[in-house]
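Listed next as structure tokens is one chain, alone, in the form predicted alone.
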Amino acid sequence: MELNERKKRILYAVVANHIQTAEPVGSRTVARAYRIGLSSATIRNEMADLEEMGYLEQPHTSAGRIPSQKGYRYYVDNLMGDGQLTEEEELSISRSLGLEKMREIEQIIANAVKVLSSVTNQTSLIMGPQFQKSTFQQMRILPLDDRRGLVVLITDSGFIKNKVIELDQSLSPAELHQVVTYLNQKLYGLTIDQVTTSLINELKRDLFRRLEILEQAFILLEESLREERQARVFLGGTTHILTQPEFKSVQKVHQMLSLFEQEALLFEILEQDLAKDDIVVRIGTENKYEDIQECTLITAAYKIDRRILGSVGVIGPTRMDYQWVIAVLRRLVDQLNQTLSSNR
């Protein structure tokens, strides 16, 4: 059943007030604070209807009402507008991430999660880029002396891996250039997980026919294939969620702290909506993971050139300022995309 305009206005008022106060909302509060133009008695009757319809709950008989999960979902989908950041808030996010040029990608991500948790006052988490999904950009071999070289592997997302290799014989600059040029031509544009063992063996055979050296020059690529494929998860503001009234009990605190220690589970939580191209809001039991079914999780993917690298998320109580958090998350992801693209 679709809500009429009167019920929409009252539901909006209850949700907005409860987000601010964390307290049950009564009809008098709605009448005074939101100028709905109805008597307290009429508002009370409408709130009773909304409760019967499942949009509100009454925690205690004598208390006011609070939004249910269904009420929050209706608010997010139909009632709240687009959040607007002030110019100062936008500049703060831009400056915080815009200074990250020339840093390694993990430093950029670690800083981004701190910025997000600081601005939203919520616990934030970011899935770092998956190395295996990064695209090969170039390999360099830098001679250290007659028998040693530094192999450097660079991807488009900013990953840099390097390894010192021992050479069986002295190499001239021309020979090194020949090897590097060949590998860059063959591998450019492939993701790391497309550089399979069979492809490496094929490249080896071809190179050895030409040069018969540099057995160890492929070690870096081979080690990359054996690496753990799961990306790191960066956390920020883990104590924010523990200060919320909804998480006063020792049991709930212990549950959340245990969750934050399970990086593999946090990775799964962030990965579930990775392919979606917009902000995703999961409220309460909409989360399939039991550990966060009393929370709201808001996530968005970040990218380089439209290719998804990882996911950014904010986790907090269902009584979250959705409009504000979504606005901040959009701005931060836009800035993160720009920073990573310009950092290549």
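Everything numeric in this text was worked out from a predicted model, so none of it was measured. Under this definition, the rigid core comprises the largest set of C-alpha atoms superposing within 1.5 Å between the forms. We number the residues from 1 along the sequence you see.
One more form of this protein should be noted, the form predicted together with a further copy of the same chain, which is absent from this view; the next part is about it.
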- Message: If the criterion is a non-hydrogen atom within 4.5 angstroms, does every one of Glu104, Gln107 and Leu242 touch a further copy of the same chain in the predicted bound form?
- Response: yes
- Item | Heavy atom within 4.5 Å of a further copy of the same chain in the predicted bound form - the one residue of Thr86, Ser198, Ser258, Thr181 that qualifies | Ser258
- Note on the structure: With the partner omitted here, the residue among Lys204, His177, Lys186, Lys163 that in the predicted bound form has a heavy atom within 4.5 Å of a further copy of the same chain is Lys163
- Would Ala264 count as touching a further copy of the same chain in the predicted bound form under a 4.5 Å heavy atom rule? no
- State yes or no: in the predicted bound form, is some non-hydrogen atom of Phe247 no more than 4.5 angstroms from a non-hydrogen atom of a further copy of the same chain? yes
- Examine Arg95 and determine whether its closest non-hydrogen atom to a further copy of the same chain in the predicted bound form is within 4.5 angstroms. no
- Hey, in the predicted bound form, is Gln194 touching a further copy of the same chain, heavy atoms inside 4.5 Å? no
- Message: Given the stretches 186-194, 269-277, 147-155, 75-83, which is the single one in contact with a further copy of the same chain in the predicted bound form, using a heavy atom cutoff of 4.5 Å?
- Response: 147-155
- Message: How about Gly149 - superposed on the rigid core, does its CA move between this form and the one not shown by 2 Å or more?
- Response: yes
- Does Lys114 move its CA by 2 angstroms or more between this form and the one not shown when the core is aligned? no
